[in-house]
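Listed next as structure tokens is one chain, alone, in the form predicted on its own.
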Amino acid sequence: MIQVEFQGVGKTFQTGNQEIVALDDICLQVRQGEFWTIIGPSGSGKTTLLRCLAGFEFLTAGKIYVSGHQVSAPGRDRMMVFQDLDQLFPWRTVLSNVMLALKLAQPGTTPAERKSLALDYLDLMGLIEYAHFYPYQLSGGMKQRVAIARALGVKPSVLLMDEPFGSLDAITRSGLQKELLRIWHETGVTIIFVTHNIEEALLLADQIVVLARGGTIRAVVKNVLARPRSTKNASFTTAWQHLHHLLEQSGYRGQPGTASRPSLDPRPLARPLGQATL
């Protein structure tokens, strides 16, 4: 079943007398329960694509459908987790943050029902013992886990994640990647995840969209690496090098064999390659 579909999506921004193309003719189909990552250089439209799907941005061209319904505004079927570690309400406890989202999404439920649901999702994220803590008492990784619990509690059909682990240290990031995969398997939610990190994209995704500067699709790569995945496998290294090569052609410039964020490369971009397989 196709759950998310982008049909010729385009987005431009007007800055003074200058028109900036953020997205150009994006066509994608995401099946229910898949895990997609979007990767590309800064300025390639990764976050804009996610914001358009969330309903936060109006399209200049094309259409987006979720479960057969055209996206025209934000909706509870699409919840977004941001990179910012301070996206929780600081005056509310962890439990209260999750319960508030449930109240807004399901106004007919009672406080007792919302509390029970909130505790279930905090338990799912391993946070039950922190239910009565305030955000300032939590680490960055724990804050992101609360944000994920809050988003999942609304029971969206699609979870949108904009570099949610980008500000975390490597050990915390690795732990949350494993937690996210566990949650994905348990809930079956469709996930679309923006990242700058090749390793992260390969560890998480079924499909990897490589965007080029100017907001075009350079390639859609099917990730056939067997789960659970390990960075130590020779096949992982080969897949990493393939993605790195595509990113170089999309405006990145980095050193092969590293997982650091490459720098921008001003070379002209090639046309989209279409479907590729790792």
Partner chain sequence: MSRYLRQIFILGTLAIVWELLARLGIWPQLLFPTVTDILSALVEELASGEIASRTWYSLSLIATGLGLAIITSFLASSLAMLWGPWADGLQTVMAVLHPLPSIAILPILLLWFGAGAHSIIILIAFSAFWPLTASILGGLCSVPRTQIEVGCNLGLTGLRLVSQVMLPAALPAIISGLRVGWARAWQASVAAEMVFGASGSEGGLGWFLYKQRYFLEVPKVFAGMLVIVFIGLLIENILFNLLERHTIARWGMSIR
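Quantities reported herein were computed from a predicted structural model and do not represent experimental measurements. Numbering follows the first chain given and starts at 1.
The following text describes the form predicted together with the partner chain, which does not appear among the structures shown.
This chain is drawn without the partner chain; in the model of the complex, the residue among Pro111, Gly126, Gly188, Pro74 with a heavy atom within 4.5 Å of it is Pro74. With the partner omitted from this view, the residue of Gln87, Asn197, Gln207, Gln177 that lies near the partner chain in the model of the complex is Gln87 [heavy atom within 4.5 Å]. Though the partner is left out of this view, Lys143 does not reach within 4.5 Å of the partner chain in the model of the complex, counting heavy atoms only. The partner chain is not shown here, and in the model of the complex it never comes within 4.5 Å of any heavy atom of Trp184. In the model of the complex, no heavy atom of His244 sits within 4.5 Å of the partner chain. Within this chain, Phe56 lines the site of the partner chain in the model of the complex, having a heavy atom no more than 4.5 Å away. Stretch-level contact analysis of 188-196, 87-95, 115-123, 163-171 against the partner chain in the model of the complex, using heavy atoms and a 4.5 Å limit, identifies 87-95. Using a 4.5 Å heavy atom cutoff, Arg51, Arg78 and Leu100 all lie near the partner chain in the model of the complex. The partner is not shown here, but in the model of the complex the stretch 139-173 reaches within 4.5 angstroms of the partner chain through a heavy atom at Arg150, Val154.
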